[in-house]
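What follows is one chain in structure tokens, specifically the form predicted on its own.
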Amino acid sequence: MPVPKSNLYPDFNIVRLSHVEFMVTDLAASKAFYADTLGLQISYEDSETVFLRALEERNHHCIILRKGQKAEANVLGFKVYDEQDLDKAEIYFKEKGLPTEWIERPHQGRTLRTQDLHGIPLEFYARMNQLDPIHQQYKLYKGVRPLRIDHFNCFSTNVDESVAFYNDLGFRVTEYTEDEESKKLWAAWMHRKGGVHDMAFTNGRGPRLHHTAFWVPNPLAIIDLLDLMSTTGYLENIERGPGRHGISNAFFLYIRDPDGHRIEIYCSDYMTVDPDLEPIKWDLKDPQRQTLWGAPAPRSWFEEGTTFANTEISDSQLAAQPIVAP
């Protein structure tokens, strides 16, 4: 199916991705990994949760760690433009036959909980508690020096359906791969905030979260993190990279947290704010689309992902191939 024409005037206005909530089995170990090793800043913590933000972010959190029995993702969060967009979003999802619920969330304003067509749990809000800026408090810069959350990448059982759904929400495709035999999409990168992607979808058993990415100031930050992880007990948590993607042109590193949640450290992609920007098509057989240069990815990177809480998983509709998106 061809990439759909961009919907420049969606029913409600999503600004960007915002946050993810992970269930973790050892809260202290996860806190040490995200705060002490990666360098995210703790906004709030108690015996059950840790809220963290990156160094350029004013909003209260971009990641929530919640203590639980099973490692999974509870929700992917998105920020909308204003309160009216929340009401429009409720109408939109109800008309699609999808469940909606207004929920109370700490440190956030009014929050709408729903899901996409394949069951990925989503929440939308317009206002979150804002904190003092810390981007010039360089004494806080440690680990990989994460500046902001950048994107989610999810396994989808039907990428064409996922792209059509998020396209209707106003996400625009920047790059994609297509299966030449079936003419179906194998993977696609979609954005709201003017980068290469806020959301990406890759053919695979799902829905599952492949990774959450954080933007860093430069590739040297990644080298520093590798040195740190290799000498502080996290050598086995380094899964893939460093390298450079063909798709997105970004410099990357993939690591796993203590529960196996995959994190990408990411920088140097390109601006996509022009509304008439044509998406770039890649040949599915071109190995440089996923790795312009760098060592091959391990099997785990193709097959493993984080499950979503209370979400049924099924096989993809395209035959599996050992290929995953950046």
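The numbering used is simple: start at 1 and walk along the sequence shown. Note that the structure is predicted; figures quoted are calculated from it, not measured.
There is also a form predicted in complex with another copy of the chain; it is not shown, and the following applies to it.
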What stretch, of 116-124, 144-152, 92-100, 200-208, brings heavy atoms to within 4.5 Å of another copy of the chain in the model of the complex? 144-152
Residue-level question: is Lys193 within 4.5 Å of another copy of the chain in the model of the complex, judged on heavy atoms? yes
Any of the heavy atoms of Ala32 lying within 4.5 Å of another copy of the chain in the model of the complex? no
Can any non-hydrogen atom of Gly109 be found within 4.5 angstroms of another copy of the chain in the model of the complex? no
Are any of the heavy atoms in Asp168 no more than 4.5 Å from a heavy atom of another copy of the chain in the model of the complex? no
Residue among Glu56, Asp283, Asp26, Glu45 with a heavy atom within 4.5 Å of another copy of the chain in the model of the complex: Glu56
In this chain shown alone, the residue from Tyr254, Phe214, Trp186, Phe251 with a heavy atom within 4.5 Å of another copy of the chain in the model of the complex is Phe251
Within 4.5 Å of another copy of the chain in the model of the complex, which residues of 224-250 have a heavy atom? Give them in sequence order, or say none. Asp224, Leu226, Asp227, Leu228, Ser230, Thr231, Thr232, Leu235, Ile238, Pro242, Arg244, His245, Gly246, Asn249
In the model of the complex the CA atoms of Gly294 and Asp286, compared with here and shifted by at least 3 Å, lie closer
Compare the CA separation of Gly294 and Arg145 in the model of the complex with the one in the displayed structure, and answer closer or farther (the difference is at least 3 Å). farther
